[in-house]
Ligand SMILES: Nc1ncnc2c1ncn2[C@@H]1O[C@H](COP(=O)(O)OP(=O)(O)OP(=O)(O)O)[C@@H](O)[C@H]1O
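In the block that follows, a single chain appears as structure tokens, in the form predicted on its own.
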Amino acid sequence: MSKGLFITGTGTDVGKTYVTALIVKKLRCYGLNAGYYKAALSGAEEKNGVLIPGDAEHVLRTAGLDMDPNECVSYVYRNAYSPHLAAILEGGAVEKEKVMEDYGRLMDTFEYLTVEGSGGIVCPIAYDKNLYLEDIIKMLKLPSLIVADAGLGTINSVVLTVEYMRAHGLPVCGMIFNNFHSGSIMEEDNIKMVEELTGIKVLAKVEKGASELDIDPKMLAELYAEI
């Protein structure tokens, strides 16, 4: 049976895609059949008349997966807006049925599927359908790992994200701090504080430009839930 894990973040541009790529790479280097999926991606570039989902392209390249990035994303939008607004402008609103169909197809292909969210946890996916990111997570029945920036302000954003997820019945299995600076007193204290305030462990610290994720691959694989 396949297993999955959802990657969300404390906001936009905290490095979800960067960390997700390192996660998939770590699993594949450990010898596991690991893949990637994203329901909706905004801010794609057009190449030869085709929108290319850059996030998926980066993850596949980093993890050494030879496949079309469009196979890993259900909805791709040109405008770098929230998916609900991009869909209003471009057409093609997210449909639950397609998300489940594409997710199921990839679950049949990969033993470990890492699913990346869009933006932060409170992200409208299809506003007219009352579909939010949390609804996607619940549909897929996955635990989440939170990616946060290690710098100033992260205590507030992490605690708010965790409390929102708990209030909405979304299990969190750990956190990863991105853009970490070794030796930074403030960033080490940020880790200490968020762990004390949330009761959730920071499982890895990723320095800027890191090409590997410093985490035990067996422990990482154990975060994934059976589907």
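Small disclaimer: the values here were computed from a predicted structure and weren't measured. So that there is no doubt, residue numbering starts at 1 and follows the sequence shown.
Keep in mind that the form predicted together with the named molecule is not shown, yet the notes after this line are about it.
Taking N70, T198, N179, T62 one by one, only a single residue has any non-hydrogen atom within 4.5 Å of the named molecule in the predicted bound form, and it is N179.
Shown alone here, V14 lies within 4.5 Å of the named molecule in the predicted bound form, counting heavy atoms only. The named molecule is not shown here, but in the predicted bound form it comes within 4.5 Å of a heavy atom of K38. The named molecule is not shown here, but in the predicted bound form it comes within 4.5 Å of a heavy atom of V206. When the named molecule is considered in the predicted bound form, G119 lines it closely, a heavy atom lying within 4.5 Å.
Stretch 111-119 is the answer when you ask which of 129-137, 94-102, 111-119, 150-158 has residues with heavy atoms within 4.5 Å of the named molecule in the predicted bound form. In the predicted bound form, the named molecule lies beyond 4.5 angstroms of every heavy atom of every residue of 155-176.
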